[in-house]
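A single chain comes next, written as structure tokens; it is the form predicted alone.
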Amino acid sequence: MTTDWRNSPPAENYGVDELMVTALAEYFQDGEQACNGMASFIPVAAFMLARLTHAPELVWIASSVGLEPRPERIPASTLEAPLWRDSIMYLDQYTDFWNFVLNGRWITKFCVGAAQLDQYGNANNSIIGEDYHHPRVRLPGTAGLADMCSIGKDLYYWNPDHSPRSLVEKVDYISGAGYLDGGNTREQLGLGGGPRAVITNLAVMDFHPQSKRMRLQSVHPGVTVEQVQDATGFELLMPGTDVPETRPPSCEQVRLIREIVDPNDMRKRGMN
């Protein structure tokens, strides 16, 4: 059952974690199908909030296993049974799930976290350094990231640490394909979908429809355009008008996040 959150006034007391959740939740609508991966507390909170407010018919597949999960709250893992054990249907991860995602009509939106993200939305979760076999840092790996980024899904990135280290001009290794070299490169390779938005602790970005370069869409309240640019390892494109502020969460959205969706504050993991 949804709540009358739209008539709730803007909250004055909220954290950037709650702002990220509400900003991401706006991208999910009734009838769409969305999926999360591991360590995805912000996306899971966004899915749950969307279903409690504006998108009660959002179809959610949790951790590539649970169709329509019904957790009482976000548990300590977004990949294991406490999240999806009460789902209306269990999907075998290695067969049923991939049958769904390879069908272009199902699971249209995927939330992506990446250690590095570049100006064309290419993601790196593999290595830091030029030599794959002798990296400076070996990252957790791709899991299904390479697949999900290459089979026509709309990709939504989140990053709680907006910095030149995480938003780089060119990733050291492409674990998940964004717009590759920009322009129509992705389209030429027959890849549909692609990056749609990036939500960080400072701002919301999208991608220019022609160049496919990352573009500043809004800055969070109290953050300046200069601060966002200084924290980015490449030059962000700017909209044609003044950059607006990201809409703050409403009082009701904050209440739902804190009391219903995530009373244990799992969404704050990884936040600075």
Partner chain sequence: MEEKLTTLPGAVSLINDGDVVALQNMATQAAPMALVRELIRQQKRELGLVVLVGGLAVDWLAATGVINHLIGAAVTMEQFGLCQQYRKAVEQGRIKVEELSESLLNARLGAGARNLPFLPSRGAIGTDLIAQNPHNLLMLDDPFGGEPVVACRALVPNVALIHAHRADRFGNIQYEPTAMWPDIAIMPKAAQRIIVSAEEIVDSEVLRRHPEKTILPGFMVDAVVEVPFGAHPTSFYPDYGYDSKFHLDWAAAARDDTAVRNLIERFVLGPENQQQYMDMVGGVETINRIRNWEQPG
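In this text, all values refer to a predicted model and were calculated from it rather than measured experimentally. Numbering follows the first chain given and starts at 1.
The following text describes the form predicted in complex with the partner chain, which does not appear among the structures shown.
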{"query": "Listed range touching the partner chain, judged in the predicted complex by heavy atoms within 4.5 Å, from 226-234, 65-73, 209-217, 242-250", "finding": "65-73"}
{"query": "Interface membership of Met238, the partner chain in the predicted complex, 4.5 Å heavy atom rule", "finding": "no"}
{"query": "Tyr120, heavy atom within 4.5 angstroms of the partner chain in the predicted complex", "finding": "no"}
{"query": "Non-hydrogen atom contact Arg85 with the partner chain in the predicted complex at 4.5 angstroms", "finding": "yes"}
{"query": "Proximity of Leu52 to the partner chain in the predicted complex, heavy atoms at 4.5 Å", "finding": "no"}
{"query": "Within 223-247, the residues that have a heavy atom no more than 4.5 Å from the partner chain in the predicted complex", "finding": "none"}
